[in-house]
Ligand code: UD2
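What follows is a single chain, given as structure tokens, in the form predicted on its own.
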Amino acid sequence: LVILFSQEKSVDNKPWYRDAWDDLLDQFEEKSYLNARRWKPGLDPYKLHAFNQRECERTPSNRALRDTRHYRCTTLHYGPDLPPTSIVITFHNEARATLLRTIRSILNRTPVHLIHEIILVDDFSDDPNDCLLLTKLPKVKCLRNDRREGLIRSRVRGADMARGEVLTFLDSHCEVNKDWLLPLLQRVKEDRTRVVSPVIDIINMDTFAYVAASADLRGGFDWSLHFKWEQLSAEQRARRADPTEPIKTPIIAGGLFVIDRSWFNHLGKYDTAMDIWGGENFEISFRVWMCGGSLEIVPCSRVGHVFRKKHPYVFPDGNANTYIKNTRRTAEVWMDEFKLFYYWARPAARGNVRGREELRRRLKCKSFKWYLDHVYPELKIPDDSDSKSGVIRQRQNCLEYQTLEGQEMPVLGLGPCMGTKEVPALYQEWIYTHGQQIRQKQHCLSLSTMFPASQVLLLPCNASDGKQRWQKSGSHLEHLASHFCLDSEMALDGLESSRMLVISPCEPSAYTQRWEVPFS
């Protein structure tokens, strides 16, 4: 078997792979390695990896790629003393052909003196040889988890082992393009607080064709913390007279980036309480910007990536919703009062984040408002301009906010309707929010328990608290978590205006559960 390498040359103008590495390369038998778990005719080629395994295996591991950079990138020169990097690649049951192609492209297109090591972290794949056999290739080391840990903890394990000055994180289904690493290392060398990402080209999941991506994109998101690519505005494009200039980005995709190792450790690495996959790019992006760093996409660095439409692997304990858990942790630690908008989009319970909150205090990081003002002002903050407001009425009485002497918390009550329909009394005017809360000032209708006859209370609004969510159902107000209805129960004094507010099983004919409300 002859393993062909492209004739890339190092800074001393000599083919870098000769002499020292020839013996190591000869020891690796590509054909034997790829035979394991190879696609067989008659089987669904998408079943194992959620991409076309047949075409993947037909694609040579050392294929030539078209240089997708802007032509001006070829005129740039980089310093001779760039720092070497440890390249960390994590994987779980990755197709051998894809994993090998990732490594071969790195070895083919990276000057040898810039690769300190390639650390593969095998996250408890079914076959340990997926990783171990690759250590016959130059610079490759293998770590294997003794249980499934997920992307975040696996990357931290690889970073802890790394000895290069700089860390480069890559996915296991990539192909790096010509001179991909030099511009990334140059930016980090100039400023160790920069975290830089390449332009991510597309490797088609059906044909494995390599397709150039636009260089006028940056990372963005919505309030549900859903990542999206967004075009630079006309004003932003006009400011970039030079197409080789890096693009400041509010957030990175997270799979491919370069960071100074000491800066990564100083910032607190990753949040290792996150599970398996998802959301870690938001957490590290907010942390970098808010704690003194910056994020860039470097147009003169190109790396291809296989984008899939679904996850091919099984989540431990059958929990496939790690994205929600992980983004929730991000919202709790980093988004300050703006996490309210996240919970409006993704109502959920909170988690324990004390350790990461302490990290944020120790690093003296800026507020999320600073991030919105200076990094991502394009993200529109929702307001209550289209929320419904008005009185909640039962016959002649209205729901009202009462402050009683000697009591710290306000009390919910019924009182004679005051003011007019157009201008009700302030203490009887309620707002129904996007998050399905019924609020008066900073307090919302809530419950302490969800049993029949439980009293409805006024508690500080908390968008993540499911006990504060209500919806109108006909003439009833239904509590979403318990599926009981708001009811007015006669108090001990027997006065109509001092009825208690409770939840009861919904009864269509019960007049005490009928309300006139200003929202639908």
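The shown structure was predicted, so the numbers you read here are calculated from the model rather than taken from an experiment. Just count from 1 along the sequence shown to find any residue number.
Beyond what is shown, the protein has a form predicted together with the ligand; the following relates to that form.
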| property | result |
| --- | --- |
| Candidate stretches 248-256, 212-220, 417-425, 338-346, one within 4.5 Å of the ligand in the predicted complex by heavy atom | 248-256 |
| Option touching the ligand, based on a heavy atom within 4.5 Å in the predicted complex, out of L151, L447, I392, L100 | L151 |
| Position in contact with the ligand when the complex is considered in the predicted complex, options R104, R155, H116, R194, heavy atoms within 4.5 Å | R155 |
| I276: touches the ligand in the predicted complex, heavy atom cutoff 4.5 angstroms | yes |
| Close approach of T90 to the ligand in the predicted complex, 4.5 Å, heavy atom | yes |
| Proximity of I200 to the ligand in the predicted complex, heavy atoms at 4.5 Å | yes |
| The ligand contact at R329 in the predicted complex, heavy atom, 4.5 Å | no |
| Contact at D123, S172 and H305 by the ligand in the predicted complex, all three, heavy atom at most 4.5 Å | yes |
